[in-house]
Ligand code: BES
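In structure tokens, the next block holds one chain alone, the form predicted alone.
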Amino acid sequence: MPTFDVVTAPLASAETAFIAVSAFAPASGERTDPPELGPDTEAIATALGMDLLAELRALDFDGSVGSTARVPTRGALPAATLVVVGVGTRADAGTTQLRRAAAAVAAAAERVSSVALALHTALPGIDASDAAQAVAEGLLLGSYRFTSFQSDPRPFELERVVLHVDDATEERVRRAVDVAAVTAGAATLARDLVNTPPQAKRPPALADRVVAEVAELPIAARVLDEQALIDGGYGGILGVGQGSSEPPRLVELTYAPEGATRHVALVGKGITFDTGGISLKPSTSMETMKMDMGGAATVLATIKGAAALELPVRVTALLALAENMPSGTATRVSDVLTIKDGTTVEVINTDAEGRLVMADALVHASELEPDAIVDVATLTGAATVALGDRISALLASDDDLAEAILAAGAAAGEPVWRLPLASEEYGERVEGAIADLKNSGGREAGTIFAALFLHHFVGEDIPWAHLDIAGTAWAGEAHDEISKGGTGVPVRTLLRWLSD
């Protein structure tokens, strides 16, 4: 991933492979109308001595978010090429559009070593720090490539990004770029873990990787192995993992900075591969099931980011790791499992396994008496049906907590939509016939049912929120700053929430 320099020299003097500048889509919304030059672009157009709008019209450039046009500078500037990137209309432009535009710049710069820009100045009404962080995140996330398992990977050649600023904002922009490096780096870690093939991250190996990831940070790590899980009564995790030749793990990470005034617990689903168990999935449905540990990857990345940013909040991250496999030892449909708090659960569907491992982890988290619990899980296909692959589902027991996460998602450019917990309408569906609860209530309102099941295991009076990222943890195709494969959603949302 590229490194950043922040300089106060004029953008036109940049000696990089190319310069990137902004343009707005026409306010009319008509493609036949010309785009509008951004404030960072007008000075460059003057230095070029050309009618840049005429050039852009000839290239059929419309200024839509992420659209790009290349214009040769013909020796008028040290940089040989000018790349104009669209940020949408002035009325709609914000940090999300800047982030997406910067990702488009990264894609355009894949085969060059350096690029200069002042894209964060394109929207004068936005705080310079917020704009610079969005631009830096877009460039870093747009530069992401997962090549660890390629024998001859094609290199991403962009090594250096130069941000041109004025004297008044230099220090603020530097700090914003530092924050962006941490947040994008955390999201990248989550992407890497999700993209890793399942044979390289079976539960014991993934637990070891997690411990190694935090070894150089002020984060304490504790791994509960199979015997510790048996001794502690973690029947959900054990039940899901008993069909695999590799036993499950529960990893507890603790970041406890001096002077912290609040304590947040993050709980992540970590099914390292999901066959569905005895309720076997079709083969095509298994193709992306290495991503079923996206929640665990998220909470690891978030606690690492919180420690790197030195946030003044205590964070406990719990990663419930298991592999859901069919075998002679696997949990059967209609078996009854006993969760850590003594609740019994009849297994109606072994492919509704995530909520079983999460139940144990939520009880564990509640025993720590945090000020809030947020869990993250690739939990239900119903969330994808309802919201698609670009909006995460949020269900919560506390309105203030829900509003804070919604606001953080909007600021981070990771959309979140709240669904009702609807305990009065659907709560009875969670009740079991021969056990206290059942783990599946049918197709209707599947996301709500799963959240109601999880909420049963949250300590009384602890504010709780549940993020269902079944649709958003994985992208079938790249778009904006989101890479194909693991997306790293919602790491940036949680870091923004913790920062706020």
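The structure presented is a predicted model; accordingly, all values stated were derived computationally and were not measured. Heads up: residue numbers just count along the shown sequence, starting at 1.
One more form of this protein should be noted, the form predicted in complex with the ligand, which is absent from this view; the next part is about it.
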property	result
The unique member of Glu252, Asp389, Asp351, Asp192 whose heavy atoms fall within 4.5 Å of the ligand in the predicted bound form	Asp351
In the predicted bound form, the residue from Ile373, Leu379, Ala131, Ala317 that sits within 4.5 Å of the ligand by heavy atoms	Leu379
Exercise: Lys281 in contact with the ligand in the predicted bound form, heavy atom 4.5 Å	yes
Asp292, heavy atom within 4.5 angstroms of the ligand in the predicted bound form	yes
4.5 angstroms heavy atom contact with the ligand in the predicted bound form for Glu137	no
Glu323: touches the ligand in the predicted bound form, heavy atom cutoff 4.5 angstroms	no
In the predicted bound form, segment of 184 to 192, 82 to 90, 284 to 292, 335 to 343 with a heavy atom within 4.5 Å of the ligand	284 to 292
Residues in 243 to 273 with any heavy atom within 4.5 Å of the ligand in the predicted bound form	Lys269
